[in-house]
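Next comes just one chain, in structure tokens: the form predicted alone.
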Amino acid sequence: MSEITVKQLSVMKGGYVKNINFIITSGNLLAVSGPNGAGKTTLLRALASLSSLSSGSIRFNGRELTQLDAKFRARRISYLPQKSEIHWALSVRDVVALGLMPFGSQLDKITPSENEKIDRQIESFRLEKLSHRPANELSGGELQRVNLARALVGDPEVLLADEPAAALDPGVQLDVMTKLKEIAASDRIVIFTTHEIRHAFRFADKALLLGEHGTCIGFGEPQLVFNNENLLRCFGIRPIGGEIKEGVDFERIISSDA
């Protein structure tokens, strides 16, 4: 079982989060939510070792993340940034193959076992008919499937996805979120950022809600984290009828565009 433990984590440079604490284990999909500027991307970059910590620690399977070899981290923790655009005419298959580079793979020397891994991801994300098309000619939804296949082809223990459903059509958003849920269920840790409360509430096993200046408003079951008080505090969302009561206004969350 894989585990990420975050203790008193603060990042003050290149973004801002303050005193974040949580533990997440394999088999769980964690949604990091909050308003714009709350530090969602900053936190994800810290988990990917792309941002320096000001204080606190991140431990991966009991070991300090910063003390792990860079190649070791790249093989076990896969990071999908928010804007994963392709600007060159590589085929879809070659883009997926790029996910094997941390293992020493080369596009012009793909081994039979590596081809099997690529084939599995292409099939998993229904990319068979697109495999030889230039990736820079794909739609946003198609490209996101390619990027997820690339992120998973090396069989990482952890997937970090920054706004994976942003700017996609509603149907494609649901496809992406359903796939993330399936990936987590395959004994992985999946952490994604989102400003869509509906996605966090509907799909996530755990939720981390960040507020102004990168502070933690709540961590735990989405039903507990996204209560009326926290929704008002972070997003200015008032319950139907305007009265703040204890608990969650389910209808408001599901119908909200915040």
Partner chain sequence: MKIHSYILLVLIVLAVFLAGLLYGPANISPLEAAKALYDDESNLTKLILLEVRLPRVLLALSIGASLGISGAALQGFLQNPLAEPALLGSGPAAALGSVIVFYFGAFGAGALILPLAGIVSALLATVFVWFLAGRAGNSTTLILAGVAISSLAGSLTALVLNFAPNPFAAAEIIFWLMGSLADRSMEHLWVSLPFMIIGWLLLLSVRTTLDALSLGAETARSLGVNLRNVSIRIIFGTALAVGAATSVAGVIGFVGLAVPHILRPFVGHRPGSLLFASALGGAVMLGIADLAVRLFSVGAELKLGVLTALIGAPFFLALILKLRRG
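Positions refer to the first chain, counted from 1. The structure displayed is predicted, hence computed values, not measured ones.
What follows is about the form predicted together with the partner chain, which we do not show.
Colleague: Within 4.5 Å of the partner chain in the model of the complex - does that hold for a heavy atom of every one of Ser49, Trp88 and Ser105?
Modeller: Affirmative, all three are within 4.5 Å.
Colleague: Hey, in the model of the complex, is Gly99 touching the partner chain, heavy atoms inside 4.5 Å?
Modeller: Looking in the model of the complex, residue contacts with the partner chain include Gly99, since a heavy atom lies within 4.5 Å.
Colleague: At 4.5 Å between heavy atoms, is Asp94 in contact with the partner chain in the model of the complex?
Modeller: So Asp94 counts as contacting the partner chain.
Colleague: Taking the shortest heavy atom distance, is Lys206 within 4.5 Å of the partner chain in the model of the complex?
Modeller: Heavy-atom contact with the partner chain at 4.5 Å: absent for Lys206.
Colleague: Give a yes or no for Leu138: in the model of the complex, does one of its heavy atoms lie within 4.5 Å of a heavy atom belonging to the partner chain?
Modeller: Contact with the partner chain, no.
Colleague: Work out which of the listed stretches, 108-116, 184-192, 122-130, 170-178, brings a heavy atom within 4.5 angstroms of the partner chain in the model of the complex.
Modeller: Answer to the contact question: 108-116.
Colleague: What residues, if any, in 62-82 have a non-hydrogen atom within 4.5 angstroms of the partner chain in the model of the complex?
Modeller: Residues within 4.5 Å: Ala70, Lys71, Arg73, Ala74, Ile77, Tyr79, Pro81.
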